[in-house]
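Take a look at this one chain, the form predicted alone, written out in structure tokens.
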Amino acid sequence: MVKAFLDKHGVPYDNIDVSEDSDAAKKMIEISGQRGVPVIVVDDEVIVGFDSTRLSELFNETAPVDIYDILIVGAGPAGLTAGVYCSRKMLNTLIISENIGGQALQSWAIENYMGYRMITGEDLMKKFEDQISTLNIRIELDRVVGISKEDGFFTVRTISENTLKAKALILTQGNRAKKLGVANEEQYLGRGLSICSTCDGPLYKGKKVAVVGGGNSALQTAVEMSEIAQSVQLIVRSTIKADPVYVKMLASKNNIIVHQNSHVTAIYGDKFLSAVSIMNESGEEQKIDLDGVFIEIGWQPNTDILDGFVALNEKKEIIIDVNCHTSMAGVFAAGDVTSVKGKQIIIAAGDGAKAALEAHEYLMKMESQ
């Protein structure tokens, strides 16, 4: 995400992969106080994470307001696929997102996407991005904070105080990771508590870690971390609800300890996380010494920005019909942010294509009126 932003704005930089350089990893932790990536150093300023607001302040020039045919919010599998189809229909298209790849980037290994026996989420999304880069599509790396309809056009406002307008919208902003809901949780994010094992996992080589969750992503993370870490504690609120292939992989590992019907009640540590307490269904509490915790307890849709703009279901997902129409004419949605039951990359990509084709038909009808 950071490299894409800097490349887009022509900013030269040195890239240091701390997963390959242990000395660089130690230096990064010293200067940032973080055990998580990315860390950006600009002159004497240290920026932790993809801070789109600060990076825009440093390097971005405010672009003039244009009216696009299509504005796509989100650049995961659904948004990028929608962009390809919009481009093929010769529509003036803008994709706006905080990152390129979405939550698919956090997949260690994808084994159910057609054309690949196995591919990492990062590699698959890089292929999506490479295809987009060959097309006449503008990508703006920014955070959307509000959406409205004004004077017949859809208006999108960003945290960088940009205002963008379009004749039609495709919403594909995906989901964000759920949190544990315990005291001091925010204090330890990046300091032993992580929501991205793909990003931060290599920093925990030889250390004691825990994975919280009992679904596919939790078991996949536990299995992958068992190859890196000294030991893995798998903390499951109820029972394991993962596909048999992941259950079989879990059973083959001898350094994973499973705690079913248990949940995290407290986090301990000074500068970095050092332990958690868990409680089982009998009310018995146990304190476990750890270096890191990876949260894999599910996702919640990024629909806070909509504020009643389109209809949502009880899960706060965007309600769509079979053709990706929302409750508002001219607004379409696709991917995991929607009410579609299957949350899979291939389904999101397919619905992204459908949304683009429906948006094109909507614009053609508007022009003919």
Ligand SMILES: Cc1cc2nc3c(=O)[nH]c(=O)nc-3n(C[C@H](O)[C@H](O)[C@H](O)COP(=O)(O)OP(=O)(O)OC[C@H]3O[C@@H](n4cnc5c(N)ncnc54)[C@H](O)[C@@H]3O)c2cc1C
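All of these numbers come straight from a predicted model, not from anything done at the bench. From 1 onward, residues are counted along the sequence shown.
The same protein also has a form predicted together with the named molecule, omitted here; what follows describes it.
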| item | value |
| --- | --- |
| Close approach of Asn302 to the named molecule in the model of the complex, 4.5 Å, heavy atom | yes |
| Any non-hydrogen atom of Asp291 within 4.5 angstroms of the named molecule in the model of the complex | no |
| Heavy atom of Cys86 within 4.5 Å of the named molecule in the model of the complex | no |
| Partner proximity in the model of the complex: Ala356 to the named molecule, non-hydrogen atom cutoff 4.5 Å | no |
| Listed residue (Ser97, Ser194, Thr93, Gln233) with a non-hydrogen atom within 4.5 angstroms of the named molecule in the model of the complex | Ser97 |
| Heavy atom within 4.5 Å of the named molecule in the model of the complex - residue from Gln344, Asn313, Ser327, Asn323 | Gln344 |
| Candidate stretches 257-265, 272-280, 183-191, 166-174, one within 4.5 Å of the named molecule in the model of the complex by heavy atom | 166-174 |
| Residues in 89-107 with any heavy atom within 4.5 Å of the named molecule in the model of the complex | Ile96, Ser97, Glu98, Asn99, Gly101, Gly102, Gln103, Ala104, Gln106, Ser107 |
